[in-house]
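Just the one chain here, the form predicted on its own, laid out as structure tokens.
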């Protein structure tokens, strides 16, 4: 009987389509309600990340830019674009755009953007070459192992105790 059970288990496991990174969302790149091309804004136009994500250096969370930030330029730039017209309409109505979150962590994990910015960690370390992305995709798997490997680098002098990231 044990040989039959073992054989069944082997067959079942062999037929499974394993996705080892499941839950870590590496490569996740959802469609957004309005396409936003980081390669144009950050790459070509050299807009600094912190111009739009202006709370990242003083908040645990990176903010989604307010539409007023978009309108700083788009009240005169590319105003006839159907996408910019949607932004302008939402802005004029005092509404927001329902952007789809790309980088997600489990609820028991805390990540403090401002602490990383204060230590000089650049955005590309975790987000990849965002300045080349026409559509944002999650660059790394953001797994515990990925983060701990960075924290363990002697030059980073980052804490590796559990309470640094878990609550």
Ligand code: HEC
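Because the structure is predicted, anything quoted here is derived from the model rather than measured. Positions refer to the first chain, counted from 1.
This protein has a second form, the form predicted in complex with heme C (HEC), left out of what is shown; the following refers to that one.
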Counting only non-hydrogen atoms and a 4.5 angstroms cut-off, does residue 76 reach heme C (HEC) in the predicted complex? no
Answer yes if any heavy atom of residue 90 is within 4.5 Å of a heavy atom of heme C (HEC) in the predicted complex; otherwise answer no. no
Should residue 86 be counted as a contact of heme C (HEC) in the predicted complex, where contact means heavy atoms within 4.5 Å? no
Does any part of residue 101 reach within 4.5 Å of heme C (HEC) in the predicted complex? Heavy atoms only, please. yes
Those residues of 131-162 with a non-hydrogen atom no more than 4.5 Å from heme C (HEC) in the predicted complex are 131, 136, 142, 143, 144, 146, 147, 148, 150, 151, 156, 157, 158, 159, 160, 161, 162
